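Alright, two takes on the same chain below, each alone as C-alpha cells: structure 1 and structure 2.
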Structure 1
C-alpha cells in the first residue's frame, strides 16, 4: 500500500522505467557556477548569437529554463563549447534579471506581450517629417512603451529639408524629450550619424521606426559593415536597393566605448499597448507622481476623481505636463490610425 505525507520512505519513491535503469525523478537543477557571462545579440529560429568576452558564440536555450525566452540585450550565463568555432553550440543556462524591457503586443486586442529588447537604456524613435508623413499616434505609443519599460526616449526627426520640425517638436515640448533633427543630405553623408552618436555613447539604444523614415540608413552609418561582420551579422535581407531588418540585432557602436550598443529592430506598422499599466507610465513624470497619492484605487489618471487635477491647480506641476500624460495614456484606448 502506498503511503503519503510524513509517513513515506525510500520505498515510496515513484520511478519511471527506462532502458538505462530506474532513477528517482528529481527537481534539483545544476547551479552552473562556472558558466560564462554573455550578451544576446540576435535570435533566429531557436538559435541565439551571443557575445562572450570578444567571441561570438552560437547557443540554444537549456531545457531547464522551460518557457522562459531570452531576447536581444539579455545578459545570460552559458556553458558548453564557448570557442566560437564553426558548427559549435553552447547552452544558455541562466537569464539574468533585466533592468528594462521594451515590450509590445501585435495589436491592442492581443493579450500576448512580446519583449523586443532587454536591458536597453534608451529608445530612439525615428520618424520622417515628410515622405512619409509623421505619425504622432505611433510616436505616442512608442513613448508609452519606453516610459512603461524604463527606457529614456530620444526623438530622431529626419528629412527636415522637406518640412520644418517646429509643429512636431511643440507637440512633445512639455515632455522635455531630447531630440535630433536631420536632413536627407545629412543622413546620406554621415553627418546625421555623427550628431545622433553624441546621444548614444556609453548606452544601449534600441531604434524603432516605420518603413521609409531612414532608420536602417542611420543604423548602417552608425555601425559600419566591418563591425557588423565581427559580431555575426545575420537576419537581414536586401531587396530593390533597400536593406531591411527582419529581427532585432545588437551591434557595437563605432567610435564609442565598449559598452555602447545599437539595437536595430524591425520596422513597425503598429505598436500594441494591451500590456500597459498606467501606474508604471506615471513613473516617467516625477513632477506629477506625488500628486497621485490621493487618487482612487486603479485610477486611470483621466477621470473626475483623479487627484492630479488638484495637484496641478495648486501649482505643483505645469498643466501642459498633465495634458501630455493624459494624451499618452489615451493612446492605449485608441488604435494608431484613429
Structure 2
C-alpha cells in the first residue's frame, strides 16, 4: 500500500546537514516571548487565516519553521501586525504540539500524505444514503483513521429523503458508534442542525466524507452566515465571495455551551492509513482488547493463532464485534475503491 519507500511528509523534522555534521540549527529560532496565541481557521495558497482573541488575522509561516506546515486547527504563535486590518500580514513563528492529526492519502499528483486537520477531537463521517451511493469502505477507512488518531467517530447519514438508513445502520451496529440521520426537510426546519449539534458541544469536530454528501450544507446549517462572515470566511480568504471547499475551514459553533468548532473539509477520497498501529485501533474496542493478551507476538488478529477467536468463543465479547474489528483492520491492506 505504501508506494514510496521512505516515508516523508511535511511534518518530518528535517535537519539540514551543515559542515560540522547533522546538528540541528536550533540557534536560529528566536524566543518570541511576546507572540500571541491563535488558531488556524483556513489555509489558502500559503496565506493562513488565524483567530487571535476576537480578531481574524492573515498570516504567513515564518521561514524559520522550515518545511513544517501549519494546518487548520493548529494552535500557533504569531508576531508582527496583529491588528487584523486589511492588507496586514502577521507571521506564524511557532506551531504548538498537536493533540491529533488527520491525514489524507497521497494522490497521483502529490506523492505525500498530508495532514488536513490538526487537534480535532471528533470525526464526523458524513455519508449520503443515496446520491452519491454510500461507500462502506470509505466509512471503514475513516473509522480506522479516527480510532488510530484518538478521535471519537460520529456517523452522519444524510439524504434520508432519498433512501432509508437501515442497511448501513445494521452494518455499523456492532461498533456502537453514535449516529445522526438527516433529510432535506430536517435541514430546512432546523431539526438536522439541532440533532447534529447535540454531539458537538465542547469539541472540535472535523466533517469528512465524499464530495457531494452534504458536508457544507450541514456546516452552513450549523453556523449562521453572519457568524461565518465574522470569522472572515465569506470573502477575506478567496476574494470570490464564496468558499470553494478546496481547503479545510474551521468555524465557531453558535449557541454551544463550551467552545466548539466545526471543520468543513474538501471531499476526501481516503485517509492515509500507512502509519496505523493496530494496537491503537484495538484500543477503541475495550471489550476485545484484554483478549489480545494471548495473541502471538505481532499478531495481525486475523490469523489462526489469534487469541481473539477463543476470547469470543468463551463468551467475553460479541462475535459481531470481532468481525467488525477484523473488517476495519483489513481496510489497511485494501485500496478504497475495492
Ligand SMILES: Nc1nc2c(ncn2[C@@H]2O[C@H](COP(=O)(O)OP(=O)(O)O)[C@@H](O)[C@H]2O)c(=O)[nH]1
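Just so you know, these numbers come straight off a predicted model, no measurement behind them. Rigid core here is just the name for the largest C-alpha set that superposes within 1.5 Å across the two forms. Numbering follows the first chain given and starts at 1.
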property	result
Form predicted on its own - structure 1 or 2	1
Large Cα move at residue 159 between structure 1 and structure 2, threshold 2 Å, rigid core	yes
Exceeds or equals 2 Å, Cα of residue 295 between structure 1 and structure 2, core fit	yes
Rigid core fit then residue 131 CA moved by 2 Å or more between structure 1 and structure 2	yes
